[in-house]
Each structure stands twice: as C-alpha cells, then as structure tokens.
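In structure tokens, the next block holds one chain alone, the form predicted alone.
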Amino acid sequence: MASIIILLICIPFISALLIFIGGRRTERDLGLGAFIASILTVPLLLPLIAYVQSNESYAFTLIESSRYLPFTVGFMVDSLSLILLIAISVLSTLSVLYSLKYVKALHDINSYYSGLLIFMGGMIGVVLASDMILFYLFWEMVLVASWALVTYWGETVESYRIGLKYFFFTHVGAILILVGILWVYSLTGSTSMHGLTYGSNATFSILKTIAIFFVIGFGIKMAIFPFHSWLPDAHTVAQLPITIMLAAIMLSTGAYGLMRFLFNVLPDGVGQSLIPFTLILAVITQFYGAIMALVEKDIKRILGYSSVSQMGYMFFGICSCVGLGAGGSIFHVINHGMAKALLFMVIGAVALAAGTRNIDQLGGLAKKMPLTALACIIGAFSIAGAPPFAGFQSEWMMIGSGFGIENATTLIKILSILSVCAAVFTTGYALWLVKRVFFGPSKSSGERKEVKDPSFCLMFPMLILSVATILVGIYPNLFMPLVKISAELLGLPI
C-alpha cells in the first residue's frame, strides 16, 4: 500500500518535470504525455479501494520528525481521502483529455501541462497527508499552481488582475489555516492530524477561536459568502480545463480540509459551538450564488455562481455537525464534481461552436448539438437535485441535515427551512440555462452552419460523466458504504 500511495503522489510531479523539460516536443505529444501520466493514477486506486473496504485505513511514515525536520512526512488513506482521490484522479484525467482539443496554440504549452499535473499532484498530496504541516505544504502547492494557471494562461486581458485577486483571497485563507495549525501545535506538541491530546491550557474558548480560523480559512477556499468574489472571476478568465479542475475538484478540497480539521483535529463539540453562525453563512451562500446565477449573461459566470451556491449546501451539511449532513457533503464531492465538470465541458463545446458565451446570443442549439444538449440536461438536473440523477442522492441529505440537529433553536429550524427553499432557485437557474442555450428561438450565432456536436476528444469525457451521473443516481450504493464509513471516522455516524 505504501508503494501505491507514493506512486500516486510521485507520478504527477515526475511527469510534470519530464514534460517541462521536453518543451521542444509538439503540442500533441506533450498533451498525450500529460494524459498518460494522469490516467496512470486511476488503476492505482483499485487496490486502495479494496484495502479500505476491508481494513478502513492505512497509514505509514516516510520520514520521522527530527531537529532538522520539525514535522513528520507521513501519509494515510481512509474512506474520506479515498473519495477525494477518486474525484481528483478521474476528473483531472478527463480535464487533461479535454485539453487536447480545446486548448490550442497556447504559449509555453509544456509549462501549461506541467502546471496541470502539479495542480493534480498537489491535491492528491493534500488528501493523503497525515501531518498538518505537510498538508499545508501541499495546500500551498495547489494554490500556487492554480494561480499560475489562471494568471498566465487566462483567456482574457483581465487574467493578471483577477489572478492577483485570486492569489490574495486564497492566501489570506491559507495564512488563517497556518495560524490555526501552529496554535494547535502549541497546545498539543504534535502536528499529527489524528489522535491529538490537548493540554490543560486548551480552554474551550481557545479551541473555539481556532475553529473559527479553520472555518474562515477553508470557507475562503470554498468561496463561502462573503469570501466568494474570487471564484466567478477566476472561472471566467481561466482556460476551460483549468476551470473544470477549480470548480469540480479544488473547491471540494476545502470541504475536505474543513471536515478533517473541524472533526479530527479539534475535540468533539467545538464545531457544534459555531452553530448557528456557520449555518447563516451557508444559507446566505446558497441563495446569493443561485440568484446571481439567474442574472448573469456569461454562461461561464453562471456556472461560477452555481459553484458558490453548491458550496453553500456542502458548508451547511458539514457545519450542521450531524451524520446525515456530513455524509451528504462527502457524497456531494463526487456528485457535484461530475455534474459541474460535465456542465463546464458543455459550455466549452458551445463556446467553440457558436463563438460566444453570452446567453442572450444563444438559443435553439439542441437541433444542431443534440448530444451536447442531452449532456447539459443531465448535468443541470443533477445540480438541481432531481431524481434519478446523482445530485439528488447527496442534496437531500445535506438540506435535510438541519432537521437532525439536537435541541435545535427556532433560528436553526428557520435556517433549515430556508435551505430547502434555496433548492427552488437552484432548479430555476439550472433549467433556465438549458432552455436559453439549447431551446427556444435560434439566435444569429446559433444559425451558423458549422455549429455541431464537438469532436470525439471533447465528446468522450462528456459521455463518461453523463453515464456516471445517471449510474450513481440509480445505484448510490456504489459510494454509500464509503460515505457511511467516512462519516463514522469524523465521529458523525449516519
């Protein structure tokens, strides 16, 4: 198992170095090299899945801490990290495959593909690290790699300004997380992410303050209101494969970090003490993201605000501190990742075919892009939480979690009802997007003869995600056993 985990981490980084050095190769060769490197991580997941299902977790130490190294280089895989690994590996591979045809004539194409692999490898390291300092180092690697991809390969002249905004927001969050980590170290004398024993000077008020640092730090990464404004901007300017990785995977690493630190690093009861403050932020985020998605014109920004709203659901599920909500948020890592990646791929195909992302200039494309339209319907219905699509299976758990909070006050009950009501707005912008782009009267951009479904290289990832979204929706037990074990590991059994 240790060798497999090391390979999972090393393959993206070593491949990134080789691709960077091989910059004189053709764009096609570099893209294929990145795709091969990313897809090699997928079969490595199979023995991990088999092991975790029978043994629950596996941990090992590569390098012990010493006077020269103040933290332990150790890794651990359990059901929670495994779910994130599946999402990272599969969706990153599909994003690289999508790049082969979508991204053309970019400057420094070798650096672009190297950046994608470093981005992927950093996220793998984040979910496998068993030491808080090692977690933070991989966290910074993800932030720097994603910032470089957004800034230097942006689609508009605004990319440098928005890249700076993205860097500022995410690194403020990272600093808050680091302060929390160092504070925990001062109280426990350990940087382990598991089994910490707190000293007598760790009063509850101090632990609650540390929890607030973690909630805000990871909340910025999840684009929770009012720390959300970086996300729609970054989604808008980034190349589409980068946007897919940002929306479908990276945001979920924030949810992962929040769950780990709130329930595994901090003692029981600390997370519960932040209710209803966290639930208020969650409900505002749900409504704000959905309403903004209804008023935007750029279809990329519509999906960007959709991601804000969806993170609000995950934040609500996690911060409800009940098993149903935590389990739903864990499951939503997979379901939201598939649906959002699918929708962004659809938007990319539409933008390439119609030559615009302005929803007012689109319409009636279903006749000329029937497969793309079908993929969009599947992704939109899943985001809306409609059965039998995957999103339904996790969304009902998250929005129902508020009703499972013990000794709930009137305010908490009202927030739980409002969270259910937010689903109406989610359905509204999802169906509105499908109708305005693919149905209704054809606009001038939709009447061009060359508008058609994309090539196989772009269509194949959409086909995989469409089938998977339906399959997981009909057979949720493909992931539910792992979800239940993950919730138990957090001390929140379903």
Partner chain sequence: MTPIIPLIILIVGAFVIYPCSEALRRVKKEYLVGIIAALFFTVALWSTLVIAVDVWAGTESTYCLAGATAFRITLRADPLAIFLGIIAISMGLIVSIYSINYMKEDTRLDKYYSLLILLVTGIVGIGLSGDIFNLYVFFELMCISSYVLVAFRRENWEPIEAGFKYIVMSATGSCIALFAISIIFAQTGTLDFALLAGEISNISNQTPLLAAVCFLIVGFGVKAAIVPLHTWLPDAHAAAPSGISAMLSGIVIQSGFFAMIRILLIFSGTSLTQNFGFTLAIFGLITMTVGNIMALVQTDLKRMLAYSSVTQMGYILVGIGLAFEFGEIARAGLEGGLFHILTHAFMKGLAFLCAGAIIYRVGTRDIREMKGIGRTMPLTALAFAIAGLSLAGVPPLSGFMSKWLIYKVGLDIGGWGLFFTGMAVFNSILSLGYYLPAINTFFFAKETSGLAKKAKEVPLSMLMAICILAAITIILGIAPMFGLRIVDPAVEFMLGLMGGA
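Numbering follows the first chain given and starts at 1. Bear in mind that the values here come from a model prediction, so they are computed numbers and not experimental data.
Beyond the structure shown, there is the form predicted in complex with its partner chain, which is absent from this document and is the topic of what follows.
- When its partner chain is considered in the predicted complex, only one residue from 411, 352, 106, 179 comes within 4.5 Å through any heavy atom, namely 179.
- For the residues 198, 160, 204, 277, the 4.5 Å heavy atom test against its partner chain in the predicted complex is passed only by 160.
- Its partner chain in the predicted complex is approached by residue 68, whose closest heavy atom lies within 4.5 angstroms of it.
- The closest non-hydrogen atom of residue 298 lies beyond 4.5 Å of its partner chain in the predicted complex.
- The closest heavy atom approach of residue 133 to its partner chain in the predicted complex falls within 4.5 Å.
- By the criterion of a heavy atom within 4.5 Å, residue 59 is excluded from the residues contacting its partner chain in the predicted complex.
- Looking at 96-104, 171-179, 82-90, 260-268, the stretch with residues near its partner chain in the predicted complex, meaning non-hydrogen atoms within 4.5 angstroms, turns out to be 171-179.
- Using a 4.5 Å cut-off on any heavy atom, the residues of 137-156 that reach its partner chain in the predicted complex are, in sequence order, 137, 140, 141, 144, 147, 148, 151, 152, 154, 156.
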